[in-house]
Ligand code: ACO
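One chain is shown next in structure tokens, namely the form predicted on its own.
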Amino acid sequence: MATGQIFSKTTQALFYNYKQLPIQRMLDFDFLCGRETPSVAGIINPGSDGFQKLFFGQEEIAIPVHPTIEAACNAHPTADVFINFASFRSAAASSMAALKQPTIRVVAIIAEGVPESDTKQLISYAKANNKVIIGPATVGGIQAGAFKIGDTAGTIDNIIQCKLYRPGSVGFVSKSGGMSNEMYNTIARVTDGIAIGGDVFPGSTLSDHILRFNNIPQVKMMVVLGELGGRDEYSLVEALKQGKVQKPVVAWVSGTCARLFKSEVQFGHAGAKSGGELESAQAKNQALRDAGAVVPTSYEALEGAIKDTFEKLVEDGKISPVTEITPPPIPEDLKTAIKSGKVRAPTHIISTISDDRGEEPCYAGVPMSTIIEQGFGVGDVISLLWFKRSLPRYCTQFIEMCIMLCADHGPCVSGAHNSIVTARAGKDLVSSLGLTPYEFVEGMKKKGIRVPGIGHRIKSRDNRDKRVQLLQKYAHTHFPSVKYMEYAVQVETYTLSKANNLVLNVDGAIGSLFLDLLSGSGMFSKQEIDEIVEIGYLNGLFVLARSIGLIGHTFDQKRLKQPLYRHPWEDVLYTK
């Protein structure tokens, strides 16, 4: 790589805190650029290991998942970029751990809200050890045609429109990450496109980036987008005055409209407010102009200034025309294609007894809320799942009578000795009541253990599980105490601050209310409750309930006369 260049077409990264969409966007960008290997070598998901399936063009690949930063660095010694998608609470600690790894050269921190003292520590350590920090509070960065961080440059359509799949001649840096996409588009319209681009981040200045771009042969001109407030732009003014920059710089400092307001105005960023005349957009623009930068009279004229500067470089023979290439099309995901009506795909299984696709599950067409609100019993549920109809009450009572009479045949019959009650569900929740929800969740995280009863693949903060709501409503109406349920809700409140899908699920609701049932009834001592949980009564409840549905599905397939099932090979990822 050239001096000043951070990334290349062979750069590989470790991605901390699994996020499917930004990783897939990185891989799609790799494919557009014609990279031979994916830019994401491994994923670090604390407490988890295994593989995550993602796409590299048409091919589905398995990316290794590691439980710790150390394990990932040892497994992928050539991956020298660490992309940190941790929350602001844990971003500093995980970033420092990454910086201390000898294989890591660059750490990108996406989170906003990282404490300033932590940020200063990270920057100080990075400078002392000749490493690079990008962020915190950054959208990332991009080396056109080579490598990009996370969600930088947005969607694939935007990347193609901005010609970021192949290198251009312009180095771009912005004080506003949010304005980057707009500027990528502007630059692509009037030049041969971006060579490298990104936003300024804590610990770096505009002049740092411009001086770095100045040393990259591919970069022939630079574009800078500043903002009112602070004095960062003056570092660039000094570099220009001292003759440290030999390539043309087109610059604009946004926020000139601030003078139209009678009182001080703060824009989107914490630093985007004028603290005096020197920090005004007008003063900065004039200083940059006086130092030799090309500064237009307005933001609207910025595109024209970029165009004129680029065309003069072409006329002077300093920029050779880029050979345009047609990037390969990114295959559309099957779900998206089906939803848009572009393709149709055969199903592999027929089911007539239950449906979990809507707002709430249905048994033989009867919504779960109806089953609960109308007081259906176990016999009624069996009649729906086994017979696909609501049998008369005397029939369902007979079914319930059979279950009660045959529930057990004593300890000496075959099968009794083989009854196994498995996982000790709820143990950690019982012992945790001395902790605050924050202490409980963070303690589980440090141990590398997922919080039981929290998280759902489909349900979220805005799409709650109707089953959980029904259980909570019943408990609030009938239970003398719901302290465990309330604790679980407090845990959910905290986990939702981390991710939108970390909701209390039906297992968690049943588990916490099962404890409320035992403790609130007044019929069990604390020792007895601990023993009941330890033995696995709760799992027995789940096994009993699920067996009704499993038997129903067995009857359903036989009734439908379905043939021997063989899973289609195209639905299997064969990997080493």
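Quantities reported herein were computed from a predicted structural model and do not represent experimental measurements. When you see a residue number, it is the position in the sequence shown, counting from 1.
A second form of this protein, the form predicted together with this ligand, is not displayed here; the remarks below concern that form.
- In this form the binding site is blocked, since this ligand, overlaid from its pose in the predicted bound form, puts three or more atoms within 2.4 angstroms of backbone or C-beta atoms.
- Of the candidate stretches 204-212, 110-118, 481-489, 283-291, only 110-118 contains residues with a heavy atom within 4.5 Å of this ligand in the predicted bound form.
- In the predicted bound form, this ligand lies within 4.5 Å of some heavy atom of S90.
- This ligand in the predicted bound form comes within 4.5 Å of a heavy atom belonging to G178.
- Among residues of the shown chain, V139 is one whose heavy atoms approach this ligand to within 4.5 Å in the predicted bound form.
- This ligand is not drawn, but in the predicted bound form it has no heavy atom within 4.5 Å of F376.
- This chain appears without its partner; in the predicted bound form, the one residue of V441, I319, I353, V190 with a heavy atom within 4.5 Å of this ligand is V441.
- In terms of contact with this ligand in the predicted bound form, the residue from V253, M222, M183, V451 that brings a heavy atom within 4.5 Å is V451.
- Residues K498, L502 are the members of 498-514 with a non-hydrogen atom no more than 4.5 angstroms from this ligand in the predicted bound form.
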